[in-house]
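Have a look below at one chain only, the form predicted alone, in structure tokens format.
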């Protein structure tokens, strides 16, 4: 396993894509954090009686943007770690070096954990670094010493690592790189947000929305920007249940990939 981990690590760090996406993530999250921090503090607030979050609740919701809008980046880089093997036809050589396909897949999953943590750390610094001063100066405070807010911030980093792992598992199922990226973008930007709104609109289905991957990640963090500002879904899953749901997504996709893509002859 150690040799497989070293090999997979070298594959990741010797490509430019991981740091290009990392820079894009930092810029995007800093921009979104600044926009939301400004709009919720400096910009005029509605006078129609609309309930607005305040204090630590507002800070936690803003910092949860790391997952609400940033999770697409670790998900994409995770999928690229697998789909690049098929796009560049290196999968054959990789399996010659490590013929045990379960070990090969396991190494892919494990090696993306530190990369996902790095993505989460950079995303968190970008959001908190820009939105925090705005909340401190123009709002009720940044609440960076509040225990609950700190949990949201720290767990946002953990959630990013889980997204990278889920990305690898998804890439093992859908190995076409272009198709995988299109599906990820469509799901994260359109399908799930619409599903969360639609399912949350009815009493009979509002509980189902909590088990969607993005909502489960919000539950693990303990805060949801989507729910706080019009998401419409019911209360988040407890952290232990949310973690199990995300692990189930990762494990289920990895199992499907192992039993389909990595079971076939590859040449």
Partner chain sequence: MVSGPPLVVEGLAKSFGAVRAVDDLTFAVRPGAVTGFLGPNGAGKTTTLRMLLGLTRPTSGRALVGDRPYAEHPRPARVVGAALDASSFHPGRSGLGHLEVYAAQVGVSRQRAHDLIELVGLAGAADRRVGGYSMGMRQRLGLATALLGDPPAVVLDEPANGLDPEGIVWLRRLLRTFADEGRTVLISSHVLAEVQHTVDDVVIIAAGRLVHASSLAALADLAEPETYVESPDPEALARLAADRGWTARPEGAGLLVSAVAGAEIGAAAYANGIELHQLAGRGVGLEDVFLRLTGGAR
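Numbering follows the first chain given and starts at 1. Quick caveat: nothing in here was measured; it's all calculated off a predicted structure.
FYI, the form predicted together with its partner chain isn't displayed, but the following is about it.
Trainee: Report the stretch among 193-201, 90-98, 120-128, 144-152 that approaches its partner chain in the predicted complex to within 4.5 Å, counting heavy atoms only.
Mentor: Heavy-atom contact with the partner occurs in 90-98.
Trainee: At 4.5 Å by heavy atoms, is each residue in 113, 239 and 242 next to its partner chain in the predicted complex?
Mentor: Spot residues vs its partner chain: no contact at all.
Trainee: Taking 4.5 angstroms as the cut-off for heavy atoms, does residue 173 touch its partner chain in the predicted complex?
Mentor: Judged by the heavy-atom cut-off of 4.5 Å, residue 173 is well away from its partner chain in the predicted complex.
Trainee: Does any part of residue 84 reach within 4.5 Å of its partner chain in the predicted complex? Heavy atoms only, please.
Mentor: Residue 84: yes, in contact with its partner chain in the predicted complex.
Trainee: Considering only 16-34, what residues come within 4.5 Å of its partner chain in the predicted complex, judged by heavy atoms?
Mentor: The stretch 16-34, when checked against its partner chain in the predicted complex, contributes only 16 at the 4.5 Å heavy-atom cut-off.
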